[in-house]
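Quick heads-up: it's one chain on its own, the form predicted on its own, in structure tokens.
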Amino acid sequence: MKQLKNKLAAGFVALFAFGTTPVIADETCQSPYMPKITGQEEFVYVWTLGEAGVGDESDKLVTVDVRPESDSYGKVIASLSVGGLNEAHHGGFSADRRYFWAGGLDTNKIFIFDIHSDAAKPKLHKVVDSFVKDSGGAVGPHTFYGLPGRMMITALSNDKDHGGRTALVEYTNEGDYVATYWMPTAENPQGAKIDSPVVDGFGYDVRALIRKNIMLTSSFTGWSNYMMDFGKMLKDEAAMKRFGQTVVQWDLHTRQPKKVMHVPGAPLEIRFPWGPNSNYAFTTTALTSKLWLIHEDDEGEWHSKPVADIGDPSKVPLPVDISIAADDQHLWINSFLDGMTRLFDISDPHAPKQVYEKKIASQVNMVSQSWDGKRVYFTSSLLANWDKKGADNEQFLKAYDWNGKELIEKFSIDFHKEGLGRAHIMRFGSSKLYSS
């Protein structure tokens, strides 16, 4: 009980620590423990995978100026290399937004960047290279989700067989290991209710709904697949069977799994809406190209069900990142293989309808939209061995205005021409957040 009170107290500090600062912008998919802020973002941070023959060939955190009045608007103003190729993938802010944590899916290194000292030019604060040892064998740090005084990290694999069975791993904000929570399996459900013919123990994303005291985790695949050439993997029958089929409901406070739900086809990003009575979340399945609803019924029980197709599932467009608008009315969905973004009306979450689509490039992965919904950003890279080859291997950050009817391009940065590599996850920043 004392530990829980400390966590809650830290949460209130995180929520209100910057209450007197001017309002700025934020992506809608951030941790609810972070202060919710609106307006115009100043910087976009892009965690970028190095590429042989491109620039210094190193992973790096790239800062792009998006202040409309700036002479350097739409340009790279800082680039911080971390050395080597780590399979740079995802990252996230600590709950106080002072540090940005980013991981390498191959080397298992975690890079903690100081954002608050100079928001325009982040500094490398700390490198954690003991993730596998700390966690007891988890591999592939993926999602970094800020909790009060803590960072919750999903892993994608393990060091025994490099398969998909894995864990949640918790650290302090200072980068000290706290605990490992292995995903429930058929052999060890850990007391979770099973509502799935498969209990795979796989992991990918994590998101929380505080007022309901739940976390949800999704499932993907292990090191042996995500480090394999994409074309080779598609022809490997055994490899194609090594993908996750579950979403797990957890008790947020105790970190105990409560229920395993069936979501076949590799469910990836999980997104909760912000409405005070919106007791549901969305995810998409990469292999079956479906939009799934994870929702609570009138008795307080959570369930999963498919609610829409994304493009033509028979062509396997491979839906990847998603972003819910702050008013909970629309959802952007990117699909990697066809380079498309699609907008769904989710005003009825049980019956979403596509209302818009646009081809962004030959490939597209991540999408981040501003809190006011007026600006939408896209990046390109999925994984080093999954990105397209040759001329189709476009690597970029693209920024658009959204007027409610059409995406209007504002700028595009070619990460190859800039010598930066493969552009992956984005997060927004502003110097105003840390001003007194």
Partner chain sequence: MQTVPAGRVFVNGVAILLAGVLLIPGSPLQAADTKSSWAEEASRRASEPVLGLPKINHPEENQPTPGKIALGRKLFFDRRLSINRTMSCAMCHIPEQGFANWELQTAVGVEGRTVRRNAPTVLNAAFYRVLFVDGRDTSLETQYIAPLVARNEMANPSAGYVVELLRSLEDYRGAFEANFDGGPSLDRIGKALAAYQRSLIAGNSPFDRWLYQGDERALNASQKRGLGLFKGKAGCVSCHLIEETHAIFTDNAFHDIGYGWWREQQRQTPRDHQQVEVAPGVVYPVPHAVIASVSEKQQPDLGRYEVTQDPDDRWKFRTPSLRNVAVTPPYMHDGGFAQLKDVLRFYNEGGRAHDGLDPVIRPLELSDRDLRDLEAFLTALTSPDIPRLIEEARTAVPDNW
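Remember, it's a predicted structure, so these values are computed and weren't measured experimentally. Numbering follows the first chain given and starts at 1.
Although it is not shown, the form predicted in complex with its partner chain is what the next lines describe.
Here the chain stands by itself, but in the model of the complex one stretch of 62 to 70, 367 to 375, 39 to 47, 384 to 392, 384 to 392, has heavy atoms within 4.5 Å of its partner chain.
Proximity of Lys258 to its partner chain in the model of the complex: non-hydrogen atoms within 4.5 Å are absent; the residue sits far from the partner. Interface residue remark: Asn108 is counted as part of the site for its partner chain in the model of the complex, having a heavy atom within 4.5 Å. Proximity of Leu234 to its partner chain in the model of the complex falls within the 4.5 Å heavy atom cutoff. Although the partner is absent here, Leu252 lies well away from its partner chain in the model of the complex, with no heavy atom inside 4.5 Å. Within 4.5 Å of its partner chain in the model of the complex, a heavy atom is found for all three of Leu85, Asn225 and Gln245. Of the residues given (Asp229, Glu296, Asp118, Asp327), Asp229 alone sits with a heavy atom within 4.5 Å of its partner chain in the model of the complex.
Shown without its partner, this chain lists Lys133, Lys353, His350, Lys359 as candidates; in the model of the complex, only Lys133 has a non-hydrogen atom within 4.5 angstroms of its partner chain. Taking its partner chain as it sits in the model of the complex, the stretch 257 to 290 comes within 4.5 angstroms of it through a non-hydrogen atom at Pro264, Gly265, Leu287, Thr288.
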